[in-house]
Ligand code: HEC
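Only one chain is given next, in structure tokens, and it is the form predicted on its own.
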């Protein structure tokens, strides 16, 4: 609609411009070919300044009327054209912003596919990347597949400035490298802006976020639900067997598929009820360990690791390389078992939450929940010990913060504030955050 308004006003302006140009051309032609013709004869008789001019009666009637009418017409054109032009300015501005947004999104999509999709997956849906674990001296310990997070909710948790900082400088000690020029990466500031605009375009809407969080919880309790409901488990086995047995029989396959879908729906409903029936700390444990949107990715050692090489286990002695020279194996043996034990909340990128750490940091569950809600903020300490080394280390889970630091770019980038003036909610509800806090304060 804005673009249509901008187009109409632009066409009207072009028409007025054409009329003005044609009129000026006619004036020039007349003045050069007619009024400016060369004179022949006596200079005294023919010089324009020597000839008698029009009489007062003629000047003050037809000539004056023509001049006044011409001036009035010009004023009317200006008085009408300028307001029409001004009325079209919001549409032109909106059209420019939409054009810029589309251009940034398109270029950002190309940047993403070229540089990011191999790890974060097509459409930002998440994936894995091969990497290795080393000690502080850079010595190899183990080969792993790192579970790379989805980006479809990242602007719910991080502001654009925080996302820009991660793109610029990477996120040690994860495999996320520095991509922006400030951190030594290959991308210019504009290219990073284009990536952010693309990331904004793939963010889920609040209802989809709610479903994604719930889906992760359902996956976690599915095994317990089937173990506790043997009849439901038997029906699932029978439904899967019927699908396999249907073969090329289309009618039988359709019937079997409908039956399997009905059983899966019953499993989901039973799982959701099971989640609702859990005590608050138990629901909090599920939320804490939620694969995509939980806390364990940062606060539990090895939560994002999937081993493809040698793995150390508690008490098993030193790591032994699957491949490598005897010298390399001897070096690893000398280093000993350096891979941390997978203790829930035991500390990794984020601090250790066990042994009452959260109780010492936050005197009340309300203060603890407040911090989980808004995350860390630039230059603002949190808790009893006042830690705080900049925003973005601890993301916000209860409020949308995508554009809190980007007011100067909100016209192009803004994410949290919608066109109708409303604000997107956070990823988790207040009740879910309270469940997480109940679990963490019991670690």
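Values in this document were obtained by computation on a predicted structure and should not be read as measured data. Residue numbers count along the first chain shown, from 1.
The form predicted together with the ligand is left out here; the points below concern that form.
116 is the sole member of 116, 275, 81, 109 with a non-hydrogen atom lying within 4.5 angstroms of the ligand in the predicted complex. The contact with the ligand in the predicted complex, taken as any heavy atom within 4.5 Å, belongs to 174 out of 229, 105, 174, 270. At a distance threshold of 4.5 angstroms between non-hydrogen atoms, residue 166 is in contact with the ligand in the predicted complex. The ligand in the predicted complex comes within 4.5 Å of a heavy atom belonging to residue 393. Within this chain, residue 297 lines the site of the ligand in the predicted complex, having a heavy atom no more than 4.5 Å away. Remark: residue 133 does not count among the residues lining the ligand in the predicted complex, judged by a heavy atom distance of 4.5 Å or less. Contact check at 4.5 Å (heavy atoms) against the ligand in the predicted complex: all three of 151, 382 and 397 pass. You can rule out all but one of 360 to 368, 201 to 209, 97 to 105, 136 to 144: in the predicted complex, only 360 to 368 has residues with a heavy atom within 4.5 Å of the ligand.
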